[in-house]
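Coming up is one lone chain in structure tokens, specifically the form predicted alone.
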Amino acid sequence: MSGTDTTTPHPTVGRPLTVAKARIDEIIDADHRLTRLVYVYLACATAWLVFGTLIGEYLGLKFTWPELGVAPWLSFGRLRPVHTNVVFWGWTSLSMIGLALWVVPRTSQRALHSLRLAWVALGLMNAAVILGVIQLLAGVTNGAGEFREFVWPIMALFASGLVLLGYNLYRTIARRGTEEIYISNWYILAAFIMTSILVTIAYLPWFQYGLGDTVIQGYYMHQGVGQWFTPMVLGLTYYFLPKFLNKPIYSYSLGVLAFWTQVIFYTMIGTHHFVFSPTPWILQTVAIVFSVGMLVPVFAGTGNFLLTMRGSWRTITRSYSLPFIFVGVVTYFLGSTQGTFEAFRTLNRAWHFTDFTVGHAHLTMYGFVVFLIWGGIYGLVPRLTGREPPQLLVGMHFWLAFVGLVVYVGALSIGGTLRGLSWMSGTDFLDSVRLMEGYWLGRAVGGTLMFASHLVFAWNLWSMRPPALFADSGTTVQRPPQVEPTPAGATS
């Protein structure tokens, strides 16, 4: 035999780096002025996201390297409220509102009542966050109430923007071209109404002292999540999920059940933050009972979304936006159920005042609220602008944020539980600090991954910008018509 190899070589088959995603199926017929309004809200929100989480990244590193920055304005006490208020009122609020300014007119089949009012509200809210950051960096604060650190004149600016937007959306819904109010608008309009009431109660002067201030703080802190962020993102998801799946929501009735039980149970659970405190025992018990009642809207809402997704896994995996929404729905269930367990006195003893609560806050606000927001942005903005984000970078954003969240929450949940148990066993406090050293490093690693994902997202949003972003055009581009999804039993 000859020693020569006569085998014909096989041609090399190139494999793509990522699985191909489905391209957007349509370009929505929209007034450029509304598209620009929505985009600017999202762009402002994203700027606040990068700024606020940059501060959060610094604070996370400071747990591992406490000598990192010693100037007064770099202290944890000043920067922590800057981080929380910026991501609450700057990033999360403005991004939800930006999406709502599209969803409400679309589901009402009417133009937004007033573009001018929406622009004025954006200016007021941005001004409130800017002035609030300056105030907090200067060491001026409203008091020790978490998320209530802005002094009342600054918060009044933000509240004024809320009122203007609530009025704007109310007038849009009142002029709707449908007989029934779409379920998304139930949640969104209720969020504006309840939050306007919430901010007013929180800043009334006769509550700002003594034990009454503590009770109001529990109410304000938890209702900020439960009556603002939660109904807003759930309302947006009731539009985006069926829209992106191109199928109706599983059950209109489950959506109504989840809405009303959310309104009933959530209003009374704030005092579970002060179990074993000097607050009346009956208030603590009522808060625990109503926390258990919150399982009803959580199970109804999560079940509704998951049953809508049933049979659509291929569509989800080939979408930019639906994986974010899927993670948001799952963490809504996990985080909310975890919150119910935290309210029980037995578990509260181990977890309260530990790093576990920080992990829980990020599981709910980040894993639930923010992932649903990202899902809405990635699904809506390309349809408005005709520009899709780089597929690889969307994948990078998803995995950096998701893995970072898992590392962050996992480290603080395990470390916080062990720390609480060490306190209960009578271990010296400094020993519990040393115990957390490795878990705080995990927090820093997870936070770094999350912050990196925000930089990628900011670039992705810029790549989806409207072609006429800086042009003032009131013209409408004629594009193929579309059919909006309607929930089962609803009038379209």
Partner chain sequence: MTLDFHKNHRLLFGTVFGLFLALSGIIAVGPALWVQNNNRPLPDSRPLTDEEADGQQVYLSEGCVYCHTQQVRPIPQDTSRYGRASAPGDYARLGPRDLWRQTPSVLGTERTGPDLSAIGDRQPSDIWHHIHLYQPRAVVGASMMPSFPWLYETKAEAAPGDVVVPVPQSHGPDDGVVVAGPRARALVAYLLALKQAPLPGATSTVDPTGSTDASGEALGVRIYGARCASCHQAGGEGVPGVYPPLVDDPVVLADDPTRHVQIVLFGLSGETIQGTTYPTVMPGWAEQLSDEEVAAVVNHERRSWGHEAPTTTADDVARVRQGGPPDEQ
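Residue numbers count along the first chain shown, from 1. The structure displayed is predicted, hence computed values, not measured ones.
Another form, the form predicted in complex with the partner chain, is not on view; read the next lines as being about it.
**Request:** Using heavy atoms only and a 4.5 Å cut-off, decide whether all three of P81, I201 and Q223 touch the partner chain in the predicted complex.
**Result:** Contact check passed for all of P81, I201 and Q223.
**Residue contact check: W260 to the partner chain in the predicted complex, 4.5 Å heavy atom** = Although the partner chain is absent here, W260 would touch it in the predicted complex, with heavy atoms inside 4.5 Å.
**Request:** May I ask you to check whether Y252 falls inside a 4.5 Å heavy atom distance of the partner chain in the predicted complex?
**Result:** Close contact exists here: in the predicted complex, Y252 approaches the partner chain to within 4.5 Å, heavy atoms only.
**Asked** Should T337 be counted as a contact of the partner chain in the predicted complex, where contact means heavy atoms within 4.5 Å?
**Response** Outside the cut-off, so no.
**Request:** Using the partner position in the predicted complex, report whether G416 sits within 4.5 Å of the partner chain, counting heavy atoms only.
**Result:** No, G416 is distant from the partner.
**Message:** Using a 4.5 Å heavy atom cut-off, which of 371-379, 309-317, 70-78, 115-123 contacts the partner chain in the predicted complex?
**Reply:** Single hit among the candidates: 70-78.
**Heavy atom within 4.5 Å of the partner chain in the predicted complex - residue from K247, R349, R110, R387** = By the 4.5 Å criterion, the partner-contacting residue is R349.
**Prompt:** Which one of F88, Y366, F398, Y219 is close to the partner chain in the predicted complex, taking close to mean a heavy atom within 4.5 Å?
**Reply:** Checked against the cut-off, the match is Y219.
**Request:** Any residue of 146-169 with a heavy atom within 4.5 Å of the partner chain in the predicted complex counts; write them all down in order.
**Result:** Result: E146, R148, E149, V151, W152, P153.
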